[in-house]
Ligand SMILES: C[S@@+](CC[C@H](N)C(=O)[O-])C[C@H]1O[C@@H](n2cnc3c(N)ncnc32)[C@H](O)[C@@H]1O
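Read the single chain below, which is given as structure tokens and is the form predicted alone.
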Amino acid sequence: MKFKVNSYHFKLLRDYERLSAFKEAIDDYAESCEGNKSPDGEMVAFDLGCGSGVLSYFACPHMDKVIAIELNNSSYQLAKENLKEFDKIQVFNDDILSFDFSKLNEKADLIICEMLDTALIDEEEVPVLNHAKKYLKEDGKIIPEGILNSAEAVFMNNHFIQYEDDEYSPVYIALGDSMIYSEFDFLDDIDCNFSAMVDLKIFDKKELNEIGFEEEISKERYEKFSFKDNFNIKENKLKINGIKLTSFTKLNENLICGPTPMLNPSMLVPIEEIEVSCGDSVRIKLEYVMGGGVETIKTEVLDIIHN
């Protein structure tokens, strides 16, 4: 099937890894439901933030009814046009957070909601699901099921929030391993006001040698920004000025998808610049409002834990 899309949704459709992950999750759900239909005999899916309608299209063969909701009017018009041949799909132009689900007189067996972004900060996945899952059947499922967020210490050239995607490659170097700092199951009620103490371990000298750190920072992309001036490996000194946040989308129990060009590209967040020793750990307070936007991000360096 050919979809009518704008430039943004064209990029979404070209992200085949993202699309195939969601299609696989929807197909897996349908397979798990075979021979185990809803007691009322009708299988219903909600596609929240449906965009151009591609996920509703994937769900349609497996469901008796699909309710697709999209706030953006131009995206709604695309979805309405793309899905007009499918009697089982109803498309609404509405804000999900104020949508009156009770008027549908039915609850969902499945909620599909791809209002995702890195660490759930900018898009409204969490507030939308907190509202909509009241209309999910008791044994209902959500795709994706949840998300895992990780952080690692970095030194970066620009001291502002940057995404790492197929259009923009920020210049930075990782100074420690990535660690999981939060995990969420979307069936749970989630507090949008997130706060955590994150301990980030800095590479020791042996680890720096193993990754060829000194050779790496001698490359042209780092020389241009004088990265070498911020590191003195002989004296065991490094500087960090940012953290890299990476999200992993849990589509179902068996399927986890890392960043793709249009799904949760990693985010670089500036912190107070500090000098550390190789092998140290840095304790950072990380706060933000999920669905509140990147302007809600706050960081504070609390402690340097010496090796």
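Note that the structure is predicted; figures quoted are calculated from it, not measured. Start at 1 with the first residue shown and count on from there.
There is another form of the same protein, the form predicted in complex with the named molecule; it is not shown, and what comes next is about it.
- Contact annotation for the candidate site: C33, E106 and D109 all lie away from the named molecule in the model of the complex (no heavy atom within 4.5 Å).
- Of the residues C50, V66, I240, M267, just one reaches the named molecule in the model of the complex with a heavy atom at 4.5 Å or closer; this is C50.
- Of the residues L83, L129, I96, A151, just one reaches the named molecule in the model of the complex with a heavy atom at 4.5 Å or closer; this is I96.
- In the model of the complex, the named molecule lies farther than 4.5 Å from every heavy atom of V289.
- Contact annotation: S182 falls outside 4.5 Å of the named molecule in the model of the complex, judged by heavy atom distances.
- Heavy atoms of L71 reach within 4.5 Å of the named molecule in the model of the complex, making it an interface residue.
- With a 4.5 Å cutoff on heavy atoms, L12 counts as touching the named molecule in the model of the complex.
- Checking 207-215, 226-234, 133-141, 115-123 against the named molecule in the model of the complex, the stretch whose residues place heavy atoms within 4.5 Å of it is 115-123.
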